[in-house]
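Only one chain is included here, represented as structure tokens and corresponding to the form predicted on its own.
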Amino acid sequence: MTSALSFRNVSCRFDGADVVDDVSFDIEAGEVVCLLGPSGCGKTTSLRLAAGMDVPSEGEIFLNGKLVSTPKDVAPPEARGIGFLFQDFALFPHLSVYENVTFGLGHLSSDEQKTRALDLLNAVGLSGFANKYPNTLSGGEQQRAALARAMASKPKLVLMDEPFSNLDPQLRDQMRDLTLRLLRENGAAGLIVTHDAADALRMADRIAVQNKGRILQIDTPEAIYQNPFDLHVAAMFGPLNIMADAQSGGQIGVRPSDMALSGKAKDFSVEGEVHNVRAIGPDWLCDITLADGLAWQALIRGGARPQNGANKFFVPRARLMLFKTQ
């Protein structure tokens, strides 16, 4: 099967510094991959390289088996047949919602454009919005219009740059699910650039964690969450408690949500002084000081409020993460 997008040993250098450093990965037809990493890690440049907006210093990029980028020759974005979805929505303010959606459909007849646009507006919940203009829409409505425009040309690949970061928390899950549904229904692959682990865990078939230009690990959400390659990868998915491991000389990592006030004799356990407890919905976030002075947190699921003072916490052995010293 031909991959929708392939990077082959791609690097991109600005002012002598590798912003993207020897990156290789594939996105299969219909697959959604998230590039996850902190600001400045190279993920947006990777997306711009896929789009044809930046030129690789080394390596090759393929779309649907066709070579589209080398250091000497780059096919422009408009020649790549891909869709775009950005955090600022990027709608044309002087065009109506209908005109925005049909903007790239000049190769179709007016009847075909109308059918495609109205079907998509219905799919994203914007029936009756065709004649409205972007400045009259809410943020969520603008994102829905931008999604319809991204899917209008039936692209085989949609590139998304922090697509949900400007939305209210209540809208994010709705837009994540809607975007994923439209990608699936249209058989389109997706590359999502995000610093938000929730985007990646909720939407991705595979997650690629990027740092300092390099891909540290790429795997399914379950595998990368449960078996992170190193501390940096693990920390991308939320707070982490760390302590030295005397046996291996490395480090033990424990997620606060994996800790409990009761457990089995074979479980890993630590004793600590609870000095602050906060309600997080039905759960309890405990600030703990271990005997050696380490500051930890535990997220205790449900039940009665944990008591301040000395407590013993348990972690199933399978949930411990062991890392080499960095």
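So that there is no doubt, residue numbering starts at 1 and follows the sequence shown. Owing to the predicted nature of the structure, the values given are computational and were not obtained by experimental measurement.
Omitted here: the form predicted in complex with a small molecule. The next part is about that form.
In the predicted bound form, the small molecule sits within 4.5 Å of a heavy atom of Gly40. Put simply, Thr45 is close to the small molecule in the predicted bound form: some heavy atom of it is within 4.5 Å. Interface membership of Val19, defined by any non-hydrogen atom within 4.5 Å of the small molecule in the predicted bound form, is confirmed.
Taking non-hydrogen atoms only, Glu141 never approaches the small molecule to within 4.5 angstroms in the predicted bound form. Partner contacts here mean any heavy atom within 4.5 Å of the small molecule in the predicted bound form, and among 32-40, 272-280, 285-293, 58-66 they occur only in 32-40.
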